[in-house]
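Here you get one chain, nothing else, as structure tokens; it is the form predicted alone.
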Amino acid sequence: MSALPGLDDCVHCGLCLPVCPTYAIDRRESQNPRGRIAALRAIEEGRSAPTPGLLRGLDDCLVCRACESACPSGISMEGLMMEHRSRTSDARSDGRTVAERWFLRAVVSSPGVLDRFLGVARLGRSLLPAALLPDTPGPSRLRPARAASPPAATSRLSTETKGRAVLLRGCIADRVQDRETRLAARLLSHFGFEVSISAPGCCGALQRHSGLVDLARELSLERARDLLSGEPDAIVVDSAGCGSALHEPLSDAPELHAVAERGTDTPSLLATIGLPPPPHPIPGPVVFAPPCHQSHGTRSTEATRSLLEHITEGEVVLLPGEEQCCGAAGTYFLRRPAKSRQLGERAKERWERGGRVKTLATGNPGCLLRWESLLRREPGVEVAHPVTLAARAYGLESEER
């Protein structure tokens, strides 16, 4: 019996193959979940050493979790990859992986260090042509950190308080999705919630993907205590990767389970109260590109799609092949840049097949950055978080600059 949870449960049915993004590119057994499970078994049972070739196939996994939705045995590829990468950290010594783990330990885990790092990145990004940095955010996305207090609500539809909500700022999301967080605060306040915004800090989602499990557990507990300090009724996380990580605690700490129980996102929380017709509906069609961890982690896409349909004057359609990852996948685009770009190109092809819809909605910082990069040369195309579109539909977007 394997010590890795779920490793012995694979029945080799192959249902995971059609939804695996890396298998769609390479068509090799080492590049699909079934083959990766076979490789893990061989390492666990001592039939093979963790050779560079085996490790490369395992590390090419995006942890997009599409295979989990397809798996009849309920195997968690995220759990397997997290445990495997934790155990074999010393064997993975290539330069990109070492740099990634340093970045997650020394930079992402510390808000102050991250702010200084991104300050330098912001300067460099503004000086260099976009063509030289195709996979990185523009200066408008790399914003300096701001105070944790939410922007004052200038309008409020309800005098009755619907409940207390705290919004997670996060780490990378705090810089590239800061405006969206503040728009969510305005939107929720507008509809009667008492809103606060947490202090900045990492939840450990990126670290758990890279096998830094102890650090991920420590960071998630710090965030949980911070988020619970004001005794909120709802903990709002509009970054799909962070929401998935907080939804699935890494320990039995009661704080982590309390966060998991109260965790939600802005569309799901708004769905609990019912919304009036928007005064400024978004012109359709809108294509919805659900982030992988929203589709296969929290599995909470329905509320987002319903919100988009409610605020859009026209059709809301799913991106063709929506189960296929865009290739951002946390820090994957840094660790596996060539494969990440291939996946991005395939994602753009799916958008083209879907009719080149001018408005694309997606709810995760990495996905926003990736789609902005993919579509930045397409005239008149907007990539937006669903929260941004909702705030615009209710006349709140112009209040946040």
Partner chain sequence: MTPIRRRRRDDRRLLRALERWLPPSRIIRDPGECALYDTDGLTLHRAPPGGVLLLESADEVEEAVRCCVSHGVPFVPRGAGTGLSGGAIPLDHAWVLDLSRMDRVLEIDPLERTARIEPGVVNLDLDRAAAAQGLRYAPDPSSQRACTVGGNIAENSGGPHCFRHGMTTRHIESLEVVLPDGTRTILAAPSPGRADPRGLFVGSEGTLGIAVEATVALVARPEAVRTQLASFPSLAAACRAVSRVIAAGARPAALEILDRLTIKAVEASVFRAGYPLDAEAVLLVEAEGSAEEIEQETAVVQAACEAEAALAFETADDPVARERLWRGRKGAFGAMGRVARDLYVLDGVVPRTRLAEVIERITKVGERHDLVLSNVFHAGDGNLHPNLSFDARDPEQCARVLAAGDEILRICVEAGGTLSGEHGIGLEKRDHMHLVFDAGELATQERLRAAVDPAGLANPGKVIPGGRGCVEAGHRGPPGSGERTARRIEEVLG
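Positions refer to the first chain, counted from 1. These figures come from a predicted structure and were not determined experimentally.
In what follows, reference is made to the form predicted in complex with the partner chain, a form of this protein that is not presented.
Worksheet item: Looking at 359 to 367, 372 to 380, 29 to 37, 329 to 337, which one sits within 4.5 Å of the partner chain in the model of the complex if you count heavy atoms only?
Response: The contacting stretch here is 29 to 37.
Fill in: 4.5 Å heavy atom contact, C71 to the partner chain in the model of the complex
Yes - in the model of the complex, heavy atoms of C71 and the partner chain come within 4.5 Å of each other.
Worksheet item: Using 4.5 Å between non-hydrogen atoms, is K348 touching the partner chain in the model of the complex?
Response: It does not: once the partner chain is placed as it appears in the model of the complex, K348 has no heavy atom within 4.5 Å of it.
Item to complete: Indicate whether R299 is a 4.5 Å heavy atom neighbour of the partner chain in the model of the complex.
Response: Flag for R299 set to yes.
Item to complete: Report yes if any heavy atom of E45 sits within 4.5 Å of a heavy atom of the partner chain in the model of the complex; otherwise report no.
Response: Looking in the model of the complex, residue contacts with the partner chain include E45, since a heavy atom lies within 4.5 Å.
Worksheet item: What residues, if any, in 7 to 41 have a non-hydrogen atom within 4.5 angstroms of the partner chain in the model of the complex?
Response: The stretch touches the partner through D8, D9, C10, V11, H12, C13, G14, L15, L17, P18, Y23, I25, D26, R27, R28, E29, S30, R34, G35, A38, A39, R41.
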